[in-house]
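A single chain, nothing else alongside it, follows as structure tokens in the form predicted on its own.
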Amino acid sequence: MALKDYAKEIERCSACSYCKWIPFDHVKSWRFAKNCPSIDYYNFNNYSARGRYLTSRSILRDEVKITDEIIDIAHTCLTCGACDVSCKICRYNLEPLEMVRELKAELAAKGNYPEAHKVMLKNIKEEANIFGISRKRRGEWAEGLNIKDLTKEKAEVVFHAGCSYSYDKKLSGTVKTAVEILNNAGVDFGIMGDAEMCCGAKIHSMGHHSEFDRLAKANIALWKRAGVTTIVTACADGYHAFKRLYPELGSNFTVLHIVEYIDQLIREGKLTFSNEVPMTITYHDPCHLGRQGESYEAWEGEEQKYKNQIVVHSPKKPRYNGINGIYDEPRNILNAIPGIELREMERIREFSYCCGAGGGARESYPEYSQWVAGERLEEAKATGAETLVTACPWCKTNFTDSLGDNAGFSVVDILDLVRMAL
């Protein structure tokens, strides 16, 4: 698909403004009723899905010059997908998430993107990660652990650590917990070590699709050579990429997030918690694990009009409305830990508010990104919880940075709680 392929859809947007709010029957308070971080922050229609449809139409009609403001309108979209869910549930079957990705791609093809993206692209091309850290250090987190090197051996399961867990030393304990659980469960698995590539999810959300394709094809080739049938990851971005994006490039592996594996082990009686963890917590649903964690469904068909009015697709087109994401598994884990009291926020599951780290915004618009994280933290604190738990390294990092030295509140990865309870 390309931006021009959304020309008809752009005309069908009725400016109903549902893209700016969670569905009204789920609103519990005015304070936490919005779903789109960019219009929440900038308070101008251009920064909503509706506004980006109009901007795209102007670009397609060659009615505007590409300015820094146009670039900002496109790239302040976190591609969190909240507008996409509200549009499908409340009104139409439009694809605002896919459209804005193609808007970014249209701009990127002509070199129109934030300066910070140039650095990230350079790092990806040279070191296969956005941080620019030597790829020779990618496997350092696993040193001293008993894990197969799948560049030399074979296994049915590959554990993909991802960029954040591989390079951020503050997160290394978290990812080691995942490995310990897999080992104790007797799983035949390994890692790619230094050969592992970035999943490409962040680059894809920034509109650099050709670079994403290169990374994805490289990872797929590595897994095939190692005889892999199943991919397990602790990274929400990686989960979304492998589950939803890679199949379009021919990937047909089973994909599991580590919380799915842990939940299964608990239900089978193979994992029990012996330590009490007396904490009052709330859980944040990561966008890429939750509403964007649905399985890919191949579709080839055409758009038709019923009685020359109602748009239908033949055959029926997959409807990604977020309800089949990974929601129950992390909550099952938390409820199984002795001493944990889970208090839910107002916006949860497919209506969760974004952490602010996605779409390249954390790197390009740091003040805005931190504001979004701060908004979510305010919602978390409103529950009376003392700790915010998530299952994504990007979410944890962005929340932690926004929180600063705020005493009396903390942010942890769900695997950290699992480690404490074992």
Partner chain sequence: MSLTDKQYQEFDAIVGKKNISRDPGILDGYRYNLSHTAIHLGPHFDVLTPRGISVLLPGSTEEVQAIVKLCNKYKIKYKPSSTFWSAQGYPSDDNTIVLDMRRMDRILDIDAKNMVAVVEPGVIGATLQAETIKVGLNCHIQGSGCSCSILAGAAAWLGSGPGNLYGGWQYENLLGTEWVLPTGEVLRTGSLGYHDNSWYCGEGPGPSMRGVMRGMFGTKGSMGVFTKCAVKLHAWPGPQQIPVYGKAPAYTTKLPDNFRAFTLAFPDWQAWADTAHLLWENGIGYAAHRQFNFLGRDLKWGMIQILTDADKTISDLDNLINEPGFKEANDSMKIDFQIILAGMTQRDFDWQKETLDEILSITGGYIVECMETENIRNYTLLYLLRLGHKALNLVYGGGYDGNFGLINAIDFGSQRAEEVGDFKREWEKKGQIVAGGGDCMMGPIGGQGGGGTGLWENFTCFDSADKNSTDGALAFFDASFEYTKSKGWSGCGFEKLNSMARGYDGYATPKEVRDQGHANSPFAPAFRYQAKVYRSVNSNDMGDAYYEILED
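Numbering follows the first chain given and starts at 1. Owing to the predicted nature of the structure, the values given are computational and were not obtained by experimental measurement.
Keep in mind the form predicted together with its partner chain is missing from the figure; the text below concerns it.
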{"query": "Options 264-272, 345-353, 245-253, 132-140; stretch whose heavy atom lies within 4.5 Å of its partner chain in the model of the complex", "finding": "345-353"}
{"query": "Interface residue in the model of the complex among 154, 319, 224, 170, criterion: non-hydrogen atom within 4.5 angstroms of its partner chain", "finding": "319"}
{"query": "Partner contact for residue 21 in the model of the complex: its partner chain, 4.5 angstroms, heavy atom", "finding": "yes"}
{"query": "Non-hydrogen atom contact residue 363 with its partner chain in the model of the complex at 4.5 angstroms", "finding": "no"}
{"query": "Heavy atom of residue 4 within 4.5 Å of its partner chain in the model of the complex", "finding": "no"}
{"query": "Partner proximity in the model of the complex: residue 92 to its partner chain, non-hydrogen atom cutoff 4.5 Å", "finding": "yes"}
{"query": "Contact at 54, 70 and 311 by its partner chain in the model of the complex, all three, heavy atom at most 4.5 Å", "finding": "yes"}
{"query": "Neighbours of its partner chain in the model of the complex among 1-21 [non-hydrogen atom within 4.5 angstroms]", "finding": "8, 10, 11, 12, 13, 14, 15, 16, 17, 18, 20, 21"}
